[in-house]
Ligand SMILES: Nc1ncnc2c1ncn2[C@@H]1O[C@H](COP(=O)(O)OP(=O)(O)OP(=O)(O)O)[C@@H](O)[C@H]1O
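Heads up, the chain below is alone and in the form predicted alone; it's given as structure tokens.
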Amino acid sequence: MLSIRNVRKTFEAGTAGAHTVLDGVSLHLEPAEFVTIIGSNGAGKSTLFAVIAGSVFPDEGSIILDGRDISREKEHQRARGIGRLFQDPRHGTAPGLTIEENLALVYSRASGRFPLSLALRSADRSLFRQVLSRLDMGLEDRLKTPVGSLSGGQRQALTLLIATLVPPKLLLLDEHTAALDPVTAKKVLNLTRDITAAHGITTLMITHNISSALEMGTRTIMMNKGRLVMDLRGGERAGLSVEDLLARYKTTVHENLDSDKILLDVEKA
């Protein structure tokens, strides 16, 4: 479904400040597969997402999505099949528009109707209320509320809903719960699991929380210095604890996993 083939990316190539952030990355995902990604700061995780989404072009290699080479497609072209959530809940929604208007923008685009038509059909509003009710946040009764007035957790949950209202072929989650408090983060993760499973959405999720990385989906990959250094799945992954994974990482790359976010999260566990 998604094939990343020998992707390389170097920033400031040909200068003294040249820095290789992706060094021959290859990865294949089957349809509906949910893969979590962890790694140290600067491992190349977010750059990998940028290359997949089209905000950065690779120097070498290719990105194949659903049998089509999208390596040189522009970001807005890929956005038709790729949903993306960021760490900051403010990304992905228009704060000055209401909840209803944000949902209508996405839905009208998919249905071929003019965005924000003067007459939203009652069937549309009924659908919006129905999908919002799944969030269990009371947003189905606040369709006229500006998105900018929502809490961070409400806004991130809404962003997740918007990104999957018309299910994408691929969903990229870039630490999408990192800015939320633990209770809200857990709720958004549960919503993520439910929505992706219900629609069979192929998903990649970057997280600094190793427990979440081992609990979500069925496969975990680890990155280090622009390379994939571990790919865990099935029974091998199921039996791992956080401590086991940290130890295995150290054995594999001969250094500790030195992400401040990860270490802080491990200390809280």
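All residue numbers refer to positions in the sequence shown, first residue = 1. No experiment lies behind these values; they were computed from the predicted model shown.
The same protein also exists as the form predicted in complex with the named molecule; that form is not shown, yet it is the one meant from here on.
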item: Contact residue in the predicted complex, from A43, I63, L232, A53 (heavy atom within 4.5 Å of the named molecule); value: A43
item: Region of this chain that lies against the named molecule in the predicted complex, out of 45-53, 66-74, 237-245, 211-219 [heavy atom, 4.5 Å]; value: 45-53
item: The named molecule contact in the predicted complex: H19, any heavy atom under 4.5 Å; value: yes
item: Heavy atom of E255 within 4.5 Å of the named molecule in the predicted complex; value: no
item: Partner proximity in the predicted complex: E175 to the named molecule, non-hydrogen atom cutoff 4.5 Å; value: yes
